[in-house]
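As C-alpha cells, one chain now follows by itself in the form predicted alone.
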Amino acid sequence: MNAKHIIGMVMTVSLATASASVLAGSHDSKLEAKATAIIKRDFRDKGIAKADRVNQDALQAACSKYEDDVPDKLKAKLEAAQAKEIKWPADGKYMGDWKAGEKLAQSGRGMTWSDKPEDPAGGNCYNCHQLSAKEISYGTIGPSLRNYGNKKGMKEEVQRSVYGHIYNAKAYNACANMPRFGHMGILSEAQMKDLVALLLDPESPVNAK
C-alpha cells in the first residue's frame, strides 16, 4: 500500500467516523474502535515512519473521546502530567539565534518515511501561524504571532513560557492543535531556542515595525 492509498484510507475512515458521530449525536465507541482497528491493520513501518504513530497516548485518547471538550478536572490532570514531562534547558537559557529560527519556521521537512534519522526536522511554523509581515502565505489554524515580542517583552518568564509552549503546547491546553515538538523529539533543544528567539528578539522579522 503506497502513501496515497494510506492517506485516502485515513481520510475516508476519519470522515466516516465523524459523519456517524454527527448523525448519532454522540460519541460512537464501537465505530471508533472499528476505525482504529482498520488503521492499525493497514499501516506499515516505512523508513523512519513507524506504524506505532497511530497509537494514542492517554491525552490523545481523551481528546478523541470527548472531541476536544475534555471535562475540566480531567483536562487539568492531563495538562499537569504533560507539564511534568517538559525538559527545560540545562543552562537555564531559552533564546538562541532568530535567523536560524526563521529558517526553521520556513521549513516543513522531516518525519516522513523518506527522511533520514539524522536529517533535522523543520518547524513548519508558517503552516499554522502568521509571523513575518513580509510573508504573504501563512496558515490560520493557530493565532497570529506578528509582533509577539513587541507585545510580550523579553523577560525570563516570557522566554520560559514560549519555550514551554514549543516543547509541549498540550501542557497548557490539553487538546491544542500544535505538535509537541520537544516531547515527541521532533525538534532539538537548540532548535526550540532558535524559535523562541524568532518570536521575541527585537531584530527578528516577527517584531519588525
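Heads up: residue numbers just count along the shown sequence, starting at 1. As the structure is a prediction and not an experimental result, all values here were calculated from the model.
The following text describes the form predicted together with a small molecule, which does not appear among the structures shown.
Peer 1: My question is simply whether G153 lines the interface with the small molecule in the predicted complex - judged by any non-hydrogen atom within 4.5 Å.
Peer 2: Answer no; every heavy atom of G153 is more than 4.5 Å from the small molecule in the predicted complex.
Peer 1: Tell me, yes or no, whether A37 is in contact with the small molecule in the predicted complex, where a contact means a heavy atom of each within 4.5 Å.
Peer 2: Taking the distances in the predicted complex, the answer for A37 is no, it never comes within 4.5 Å of the small molecule.
Peer 1: Though only this chain appears here, would M178 touch the small molecule in the predicted complex if you measure heavy atom gaps against 4.5 Å?
Peer 2: Looking in the predicted complex, residue contacts with the small molecule include M178, since a heavy atom lies within 4.5 Å.
Peer 1: Would you check, heavy atoms only and a 4.5 Å threshold, whether G47 touches the small molecule in the predicted complex?
Peer 2: Looking in the predicted complex, residue contacts with the small molecule do not include G47, since no heavy atom lies within 4.5 Å.
Peer 1: Could you tell me which stretch in 29-37, 47-55, 62-70, 158-166 has residues with non-hydrogen atoms within 4.5 Å of the small molecule in the predicted complex?
Peer 2: Contact criterion met by 158-166 only.
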